[in-house]
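What follows is a single chain, given as structure tokens, in the form predicted alone.
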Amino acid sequence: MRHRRRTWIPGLLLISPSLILLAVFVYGLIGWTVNLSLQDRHNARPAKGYVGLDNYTKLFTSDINDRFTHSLKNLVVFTLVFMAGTIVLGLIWALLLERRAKAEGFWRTVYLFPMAVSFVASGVVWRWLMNTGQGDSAGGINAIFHGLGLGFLESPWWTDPDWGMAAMAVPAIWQLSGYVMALFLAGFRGIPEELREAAVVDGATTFQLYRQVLFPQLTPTILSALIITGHMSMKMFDLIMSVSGAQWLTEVPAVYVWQTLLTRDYAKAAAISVFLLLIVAVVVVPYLIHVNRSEKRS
């Protein structure tokens, strides 16, 4: 019994620094933000006291209602376009490489290279590409369309009230589709070769092989890609800021939080942050429960 007690003590000492840092800088800050969201705290004055859920209800009922709901709608549009574009493009690239294509290492590097660029740097580049100016200040995309005689395709891009958020998703798709390609490629390589060979022996065509054998095996990877891209879409603050700036048309909740902090309305900013955290939790927690149950069954 005494020997058993001694064995866990060194292990506890080894992980103690990690546990302390995790408790203070992750869950401690989350708890502090939740606590702040329940107070009446504006500017640098001391808190007047706890106001319950007032800061949350004001997000949907007060004069800030329009701005907050507008940012949420922008986030939904951005997330849907970003997730669909990233997963479809990543899957296409993975299909092109999954049968050991020639120069696979080179093409994988080409697809993954955009991930090495910071969001701010790529945002500056795409800001120029989507620039709607005239003459020398014309953006690269519109200039190409104009030079090819396809002027009807020219667009104000992110300042377009109908397509602004969809245009904002394009730089994000360009930057992260290579990461999704790597996920799908690992998923394909994890499928036992015996399944392919059995399907071919049974006379399955290439289309039937992918639709009835490989894609069903890829379901967990697709689910992971959906969760990861959905989570990433809520963290695109720097990319959106560097492409379009803090404009009303392309404002998302993360940008709204930043602008709220500039006005020193800390309680409202904390309430918006907690609301976003709950959205992420609603998506991620069921997925983690599903993964844990699958691992136990296997």
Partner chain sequence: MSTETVAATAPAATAPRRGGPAPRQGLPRPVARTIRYGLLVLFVLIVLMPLYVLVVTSFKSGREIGVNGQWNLPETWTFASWAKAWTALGPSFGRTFQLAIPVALISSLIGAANGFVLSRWRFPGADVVFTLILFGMFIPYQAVMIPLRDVVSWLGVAPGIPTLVFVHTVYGIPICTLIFRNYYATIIPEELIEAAQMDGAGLLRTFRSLILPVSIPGFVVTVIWQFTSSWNDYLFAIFLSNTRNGPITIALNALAGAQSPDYAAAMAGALITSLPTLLVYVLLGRWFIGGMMAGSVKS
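Here the structure is a predicted model, which means the values were calculated and not measured. Think of the rigid core as the biggest set of C-alphas that the two forms share within 1.5 Å after superposition. Numbering follows the first chain given and starts at 1.
Another form, the form predicted in complex with the partner chain, is not on view; read the next lines as being about it.
Taking the partner from elsewhere, G164 is found to have every heavy atom lying beyond 4.5 Å of the partner chain in the predicted bound form. Using a 4.5 angstroms limit between non-hydrogen atoms, L36 touches the partner chain in the predicted bound form.
At a distance threshold of 4.5 angstroms between non-hydrogen atoms, D40 is out of contact with the partner chain in the predicted bound form. Remark: G203 counts among the residues lining the partner chain in the predicted bound form, judged by a heavy atom distance of 4.5 Å or less. Contacts of stretch 259 to 287 with the partner chain in the predicted bound form, defined by any heavy atom lying within 4.5 Å, are made by L261, Y266, A269, A270, S273, L276, L277, V280, A281, V284, V285, listed in sequence order.
In the core-superposed comparison between this form and the one not shown, V285 has its Cα shifted by less than 2 Å.
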